[in-house]
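Consider the single chain below, provided in structure tokens and representing the form predicted on its own.
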Amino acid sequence: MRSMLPAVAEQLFRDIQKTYQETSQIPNDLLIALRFVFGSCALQALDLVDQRSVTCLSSPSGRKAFQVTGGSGTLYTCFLSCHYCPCPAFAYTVLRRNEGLLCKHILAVYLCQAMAVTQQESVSDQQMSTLLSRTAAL
């Protein structure tokens, strides 16, 4: 699947993945780059990663959704395939004002995947269908 992110963001995630695999940490230069590319939500996303707040839900049909527990405890269901999160920050900052690429929840998903620390959970196709239906109703 082709990412909808700018090339600089894709390269940054590749660099983080490579470095994290080798050293189990993200060096300062990549942290600074994260802040430069993604702004203030970078630190909040890293906090969500540290808290292991991201779970990948996978169904037998191959569908995937990510659930991220936000700082307030609210559970957000995010979709990387269309870069969607139902949080207010995504609606306002990303969609309405076009001032950011991602919200902290979607950024946390990308970071967890790059660092291979995403929690995994299998769900049935019926459960995934229900989850998608609930999200579409928001």
Partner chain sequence: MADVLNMVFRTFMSQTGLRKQPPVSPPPPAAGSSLLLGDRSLSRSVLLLAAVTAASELGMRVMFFTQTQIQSLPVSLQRCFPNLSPESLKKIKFSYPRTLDELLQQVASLHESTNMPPTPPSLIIVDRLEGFLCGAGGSSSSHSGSHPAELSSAAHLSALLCDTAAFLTQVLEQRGSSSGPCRLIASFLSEADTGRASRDPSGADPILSVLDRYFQVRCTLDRDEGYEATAAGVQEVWHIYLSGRGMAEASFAKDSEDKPGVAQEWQLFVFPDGLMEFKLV
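Positions refer to the first chain, counted from 1. This one's a predicted model, so the numbers in the text were calculated from it and none came from an experiment. Here, rigid core means the biggest group of C-alpha atoms that superpose within 1.5 Å across both forms.
We do not show the form predicted together with the partner chain, though everything after this point is about it.
- Taking 54, 94, 34, 26 one by one, only a single residue has any non-hydrogen atom within 4.5 Å of the partner chain in the predicted bound form, and it is 94.
- Of the listed positions (42, 48, 112, 80), a single one reaches within 4.5 angstroms of the partner chain by any non-hydrogen atom in the predicted bound form, namely 80.
- Interface residue remark: residue 129 is counted as part of the site for the partner chain in the predicted bound form, having a heavy atom within 4.5 Å.
- The partner chain is not shown here, and in the predicted bound form it never comes within 4.5 Å of any heavy atom of residue 76.
- Residue contact check for residue 38: none of its heavy atoms lie within 4.5 Å of the partner chain in the predicted bound form.
- Taking non-hydrogen atoms only, residue 125 approaches the partner chain to within 4.5 angstroms in the predicted bound form.
- Taking the rigid core as fixed, one finds a CA shift for residue 10 smaller than 2 Å between the shown form and the other one.
- Shown in the overlay between the shown form and the other one, fitted on the rigid core, is a CA shift at residue 123 of 2 Å or greater.
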